[in-house]
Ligand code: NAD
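Only one chain is given next, in structure tokens, and it is the form predicted alone.
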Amino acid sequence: MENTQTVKVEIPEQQGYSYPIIIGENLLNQIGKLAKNYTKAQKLLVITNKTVYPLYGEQVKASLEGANFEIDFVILEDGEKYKNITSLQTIWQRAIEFKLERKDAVIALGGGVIGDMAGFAAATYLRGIDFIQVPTTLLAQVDSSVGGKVAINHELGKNLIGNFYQPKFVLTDTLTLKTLTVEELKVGLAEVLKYAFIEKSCFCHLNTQSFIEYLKENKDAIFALNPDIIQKLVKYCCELKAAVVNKDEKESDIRAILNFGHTAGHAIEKCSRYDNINHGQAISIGMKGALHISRAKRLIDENYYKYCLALLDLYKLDYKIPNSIAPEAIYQAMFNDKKILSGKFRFILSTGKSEVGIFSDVDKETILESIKIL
């Protein structure tokens, strides 16, 4: 495969287990050949949704059948509100009917919602079968397909029911981004900007230029989906996340920094019932709130606060909480977050210069103040 780049994710806790993230263009046609290299499966169950299947379903099917796999599809509804036990049961039901065995595999073809559900289904069916990630959105390519977090939502909170389950490989075809709307692209860009704010805390310093400055200089090329720029962007975000996951797979410590903006963000998504605000908007709100708390605690000064907000504004990310969601409701929703430890919130706060820390001493008044300014 020409013009591809690979990022290696290593999991020392699993006796040196590792897997590649393969990034390039026109890779969907190669999925059959690659699957032969990374799994001993004979049957593959492809999990996708009603938006993605018409775009890429037949292409993926042809490649897999060309490699002599027996395949079947589960085509789910599209949206975060469908990341639930009902959809999971649909996947399990089809896996049983298709007679998937322990040597077989599940493929996630879609965005973060599909990746999370397919991965959790693979982790739990027959106590675990092979899992392959094929992310088709920017959010999934730079973040959710990397690191092995798989889960479904509960009515009381986001991603509360899940597992850590690593894929056999990740196939990232950046051409799939061309079918996204600008708003869909911005959902992923919220996570990209998150990496810029935490870059120096990720154990991975590959650029002489800061990621914030890189994003400022290349904004137009990124929105235009310039092939070289996009591949570099996706690869670097994966490298940053992989470096953290390689240190702490199950979020016992440093992996929590990847949740910058997510403590409030997930609570806002829950309060909206995953319906009238998308993940990118929620995380943008959460990042601005975290920056406000960082300034209130004097971890950063006014200049750095405005410097970070200027990047959010440059990418025209929306960080306005709908009037229908009360600050107290958001605060209460935070108590059902996975990041609670000993009854206390763990906020990821900026300490300046693209570095962050983990803090458990943020009082209710400061939290509510940070929500009310949004």
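The shown structure was predicted, so the numbers you read here are calculated from the model rather than taken from an experiment. Residue indices: 1-based, along the sequence shown.
In what follows, reference is made to the form predicted together with the ligand, a form of this protein that is not presented.
Contact check for K270: every heavy atom lies farther than 4.5 Å from the ligand in the predicted complex.
Contact annotation for N226: none of its heavy atoms lies within 4.5 Å of the ligand in the predicted complex. The closest heavy atom approach of T263 to the ligand in the predicted complex falls outside 4.5 Å. Residue contact check for V113: one or more of its heavy atoms lie within 4.5 Å of the ligand in the predicted complex. With the ligand left out of view, the stretch that reaches within 4.5 Å of it through heavy atoms in the predicted complex is, among 123 to 131, 287 to 295, 155 to 163, 208 to 216, 155 to 163.
For the options V74, V187, L233, L193, the one in contact with the ligand in the predicted complex, meaning a heavy atom within 4.5 Å, is V187.
Contacts between 60 to 95 and the ligand, taken as any heavy atom within 4.5 Å in the predicted complex, involve D78, E80, K83.
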